[in-house]
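Just one chain follows, in the form predicted alone, and it is written as structure tokens.
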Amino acid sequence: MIGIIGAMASEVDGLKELMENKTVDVISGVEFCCGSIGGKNIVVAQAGVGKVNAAVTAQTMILKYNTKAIINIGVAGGINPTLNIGDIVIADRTVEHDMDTTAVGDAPGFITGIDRVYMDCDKEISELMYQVSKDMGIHTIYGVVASGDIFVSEDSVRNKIANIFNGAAAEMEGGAIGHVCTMNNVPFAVLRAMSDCANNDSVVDFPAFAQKAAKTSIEIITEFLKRYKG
């Protein structure tokens, strides 16, 4: 079974509507919807915004549903200068940009316990999502998806993520899902559609474009499920 996690209703409701043979469980206040799309058994959940919500949802998927892979979908703020609203980033790695134990000598973003800064995404899943997005005619890049418990809407924060972590996009869940999956040795991937440019205009752009961007990510993951052989 493949797990699919989004933060907001707009990021997962379209998938739930397409699912066949649905059953629903509610665990820790999160609705887990099981069924199939394209002949693939999946479990879909709206985690809520932020790293803790994402981590709880990912861990539950692994323990309760024995997911063989987890995919995080949804929207993000674009940081790479080639990105415009509606474009796609497929993560090659994730990072938690707000992890900071530099005061005791660690590198920015270093996560004690798994002892790393970056978490590597599954190549097979990521490459297929990239190909699907390109086939749909969408400008798509690989890059670092940087997560933190902050909605990035200031150029200073955006520049920090770009300069320190080489971040391609900023959001609030992918790094936490990568963290949990790395701890559990479960493959994961992150697909993000740009709703804004993670800058001083984000508070205006995000409400205007988030729903359209989320729809794009749903369209890509739906086609991915039809093609995926795993």
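Don't overthink the numbering: it's just position in the shown sequence, from 1. Just so we're clear, the structure is a prediction, and the values are computed from it rather than from any experiment.
One more form of this protein exists, namely the form predicted together with a small molecule; it is left out here, but the text below deals with it.
Proximity of I71, G174 and F188 to the small molecule in the predicted bound form is absent: no residue of the three has a non-hydrogen atom within 4.5 angstroms.
The stretch that touches the small molecule in the predicted bound form, counting heavy atoms within 4.5 Å, is 74 to 82, out of 74 to 82, 135 to 143, 121 to 129, 99 to 107. Using a 4.5 angstroms threshold between heavy atoms, I114 stays clear of the small molecule in the predicted bound form.
Within 4.5 Å of any heavy atom of the small molecule in the predicted bound form lies no heavy atom of V95. Taking non-hydrogen atoms only, V152 approaches the small molecule to within 4.5 angstroms in the predicted bound form. For the chain shown alone, S195 is a contact residue for the small molecule in the predicted bound form, at least one non-hydrogen atom being within 4.5 angstroms.
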